[in-house]
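Here's a solo chain for you in structure tokens, the form predicted alone.
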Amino acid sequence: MESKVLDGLMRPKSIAIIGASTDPTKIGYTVVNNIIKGGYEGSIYPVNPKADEILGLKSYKSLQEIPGEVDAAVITVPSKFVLEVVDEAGKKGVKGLIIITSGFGEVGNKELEATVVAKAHEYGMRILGPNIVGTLSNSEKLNASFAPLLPLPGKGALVSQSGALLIAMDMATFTRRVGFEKLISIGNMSDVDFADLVEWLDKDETTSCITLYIEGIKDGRKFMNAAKKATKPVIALKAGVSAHGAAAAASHTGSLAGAAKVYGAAFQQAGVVQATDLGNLFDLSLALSLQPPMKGDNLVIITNGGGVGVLATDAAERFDLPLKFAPKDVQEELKKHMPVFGSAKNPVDLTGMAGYDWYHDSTKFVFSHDWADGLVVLYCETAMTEPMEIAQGIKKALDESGMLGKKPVTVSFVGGDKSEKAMQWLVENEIPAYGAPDLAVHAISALREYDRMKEIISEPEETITTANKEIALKAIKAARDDGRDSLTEIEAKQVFSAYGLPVTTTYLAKSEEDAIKLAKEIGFPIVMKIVSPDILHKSDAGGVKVNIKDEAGCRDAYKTILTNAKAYKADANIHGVAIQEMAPWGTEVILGSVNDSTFGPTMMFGLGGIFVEVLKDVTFRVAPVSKKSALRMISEIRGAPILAGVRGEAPRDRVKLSETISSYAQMIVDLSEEISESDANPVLVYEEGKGLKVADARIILKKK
């Protein structure tokens, strides 16, 4: 991406409005009017072949008539004229196009959209849109949109895929006291996408935090790479995570919305802080745009009310930042700033008697103490105190501590109008303030989460070198040559084995005598299964028999399995019966993969059995997955204590399991052109040091 090209688009020294209008009901009029009202100091060139003047500005018949250079052009003409305008803009030397016009990919007109982009690229231009509201920038005094006015000034930049929501959030910046330096509508993302803007905004000196409202991402890995490299916090609210919501998002933007868990995994791996809802998006933007990351787990809460202190304590645990009692020396000093019936443990309860001095002194001491990594200050409005005085005492203490900008702090005032005004004053002085204690805690926990994710991203990635891709491709080719899009279990195990996965010994028997011979070779007891590309769920077909202990049982199982399979699907292509070693009992887990439409090869891990079928206790990572990341996957499912060892059970071999997850993830990356989805289920995990066994395998190929 040419940075200077996006500079021209986002920080234009001159701007033309194609489709500028003298009619106040037209978007072309509104955009010109907004640019003028915003105080834009660059050159403004309305273009309208039928007007000589628009809103006091000279109007030009075409772009070619404009005497000076044009950095950016806002296009508001109907979609059928846009291609012609793009060609004209290219000949003029315009750097970037802001296409407000709709009627492209979002309504199925993808061919026109692609043609417009191709034409723009011929001239080296970049496109924002189409189907957007426009762009707004406080530092440039530029409202090149049909949003009513520039947002409340702030340090963050907000990029939204929804135009209507961007306008609503523009207005909400004033009621929520959360300002933004820039608001950018991204629409169909025909050219400039979230990744491009994250990269550009990360270098923008006027922006300290990047906030995204996302309905769908077209190139997930490009986005992840941009977010990983960003030196500024990136916050995202992903919409369209329900089945119905995802469908609505796709029809609205013309882009596909991925599964909630896959997006969540991708955000985590890319260091993106995920917002839970619109209110939380504002709350996190306020904190991450004004405060530094929290680099440790020691959070201190100061309060004048026990109730809000308890609520904040509960929130700290809920948001993975549980409180610890302060060290004795810290407690002894804090006791000097409270009555004897106060508490210095943490939360620090100064009691309802606390005024300016106690708040100032305790805040200054705690914030400057090495033990404290972050601070939340709570205040309940009382008849004995003035909220503004308390706010000023807190701010003075933070300034005097010398740690402001080095450690994070958030504040919550609970009260009436005076408390609201005090919080507004704090925000104006770059201290995030919230109307409820849990919101202040959630905000500071996001600052801790952001730092943790950045630490993980900086870890070196191990690579798998033991794979034999040729053997895997040979097994896949056998299925392709047979006209199949799925591998048999035996073929799938060949692929798994090529990547070092410890599969159970499995052979194919095509007759009873084969079955007896192979069973004796393996050794009883054994497992027997139907082998058919047309029967993927073998148990449902009565095609699995376990714990077969002798020759007679083997003969009986062979016949029963074939009879059941034919009854289940009469026209099934039956290759034979698998004869498999019966692995010892172990804790059942599942490994799986999908080739996600947005992020590509994606790894799944969870407990097997009821946990995956009913509780869906699984976690995801976009592949590849390092061994350290695999260990984190193991620890973050709800059933993690089962693998760690509970109620006298020995811990399972999580080291070998993490290696297997990492190898599996490398497999799906290497074979991403072939594998659509796969699973190893069950995988039997044994005690520490005793490894695991993949008992069953499934691979579905991409259709070609």
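One-based numbering along the sequence shown. On a predicted model such as this, the values are computed, not experimentally measured, just so you know.
Omitted here: the form predicted together with coenzyme A. The next part is about that form.
Contact between residue 47 and coenzyme A in the predicted complex is found at the 4.5 Å heavy atom cutoff.
Contact check for residue 298: no non-hydrogen atom falls within 4.5 Å of coenzyme A in the predicted complex. Contact check for residue 109: every heavy atom lies farther than 4.5 Å from coenzyme A in the predicted complex. Contact check for residue 77: a heavy atom falls within 4.5 Å of coenzyme A in the predicted complex. The partner is absent here, but in the predicted complex a heavy atom of 102, alone among 102, 208, 225, 331, sits within 4.5 Å of coenzyme A. Here is the short version: of 602, 131, 362, 506, the single residue with a heavy atom within 4.5 Å of coenzyme A in the predicted complex is 131. Only one of 78-86, 555-563, 288-296, 115-123 places residue heavy atoms within 4.5 angstroms of coenzyme A in the predicted complex, namely 78-86. In the predicted complex, 146 is the single residue of 144-159 with at least one heavy atom within 4.5 Å of coenzyme A.
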